[in-house]
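Only one chain is shown below, in structure tokens, and it's the form predicted on its own.
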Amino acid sequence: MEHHAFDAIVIGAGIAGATAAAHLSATRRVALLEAEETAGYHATGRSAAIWIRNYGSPDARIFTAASRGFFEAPPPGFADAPLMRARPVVHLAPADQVADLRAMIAEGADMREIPLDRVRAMVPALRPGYAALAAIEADCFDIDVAAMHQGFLRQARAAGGALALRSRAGRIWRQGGAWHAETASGAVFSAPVVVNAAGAWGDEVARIAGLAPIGLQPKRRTACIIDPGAHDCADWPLLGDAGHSWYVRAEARRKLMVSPADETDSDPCDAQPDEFDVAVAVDRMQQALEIPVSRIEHRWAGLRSFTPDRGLAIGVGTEKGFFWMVGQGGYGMQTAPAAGRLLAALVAGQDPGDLAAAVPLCDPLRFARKAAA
């Protein structure tokens, strides 16, 4: 049996695993185990991410704010191009959503009302009469997901780490003070620390290791690409309703991505788009925007996995050396730099510094404590 000894094992090579491996690699030699043929095949490879300060759970917002500096100034050589491109986010409220939008403005940071004629100047396709109120978050930006993901993978490899593709962990056990993971090929990786960054498969990995799941629920989200016709949408803001039932954003500069912002419960799987959801996305978009749609150019779906309270789960579990890095939901990209930094600090037993407020919020043991109460 082929055996490989490391200082840490990370299971899952999507953005959570890549970020964890990169931050751990500063002081540890890391093995990154990925079940698929490519890293980031599932949620990461299907993400069209944007940094939105006011999006997500309370702990996600802490990580989002703390990650901004990384996007603005990544380490030298991390990526060949900027990781961010400015794109405001505009929230529209039809008459029945005005109260929701006013609450969002009151609770959010750097969100303000914007006159509807200003929105129409930015998005000429906006239908008159659709919205009764609008708000803007002007400091948001698109994230180059592929560049960030590859940058973290390079950091881990440069520090002596190994990326093992097609290496699904079929057995995980603790013996002699170390965790062991046997892959489908029969190779065994061992280390004092194992990080469960398996995304939608996070609970499955815990069960394989003989540990209790935390209640992760993968949810499918659908998106499609259309041609906006005569409109040049390259500099449009991300646009959606306050009820979070649809949104659009420019894709590949001259195309428009449309989503019904769906959250359909799913088992862990290779998510595929549902034609009904595609139709719903186009219908809701056309209620707000005067854009004819003659065909769908591309459609896809991905899984966004949530914990029971929709917060992240980052930290040690019920067994020594077993750490969780899951539950990123729809905010995994914008939280990744700070989330990886916290994971590394917790593994090392170090002071989390500016992320201290997030520690109790994302503690994986909170679910076990609640169940026992």
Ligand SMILES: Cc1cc2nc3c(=O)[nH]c(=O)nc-3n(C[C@H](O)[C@H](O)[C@H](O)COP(=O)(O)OP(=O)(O)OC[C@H]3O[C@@H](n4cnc5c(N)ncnc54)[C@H](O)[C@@H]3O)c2cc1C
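As the structure is a computational prediction, the values presented were derived from the model and not from experiment. From 1 onward, residues are counted along the sequence shown.
The following text describes the form predicted together with this ligand, which does not appear among the structures shown.
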field: in the predicted complex, segment of 316-324, 22-30, 41-49, 337-345 with a heavy atom within 4.5 Å of this ligand
entry: 41-49
query: Closest heavy atom of Val123 to this ligand in the predicted complex, within 4.5 Å or not?
result: no
task: Using the partner position in the predicted complex, report whether Val205 sits within 4.5 Å of this ligand, counting heavy atoms only.
output: yes
query: Might Trp201 be said to contact this ligand in the predicted complex, defining contact as any heavy atom within 4.5 Å?
result: yes
- request: Consider Ala197 of the chain shown here, and say whether it contacts this ligand in the predicted complex, taking contact as heavy atoms within 4.5 Å.
  value: yes
task: Sequence order please: the residues of 9-31 with a heavy atom within 4.5 Å of this ligand in the predicted complex.
output: Ile11, Gly12, Ala13, Gly14, Ile15, Ala16, Gly17
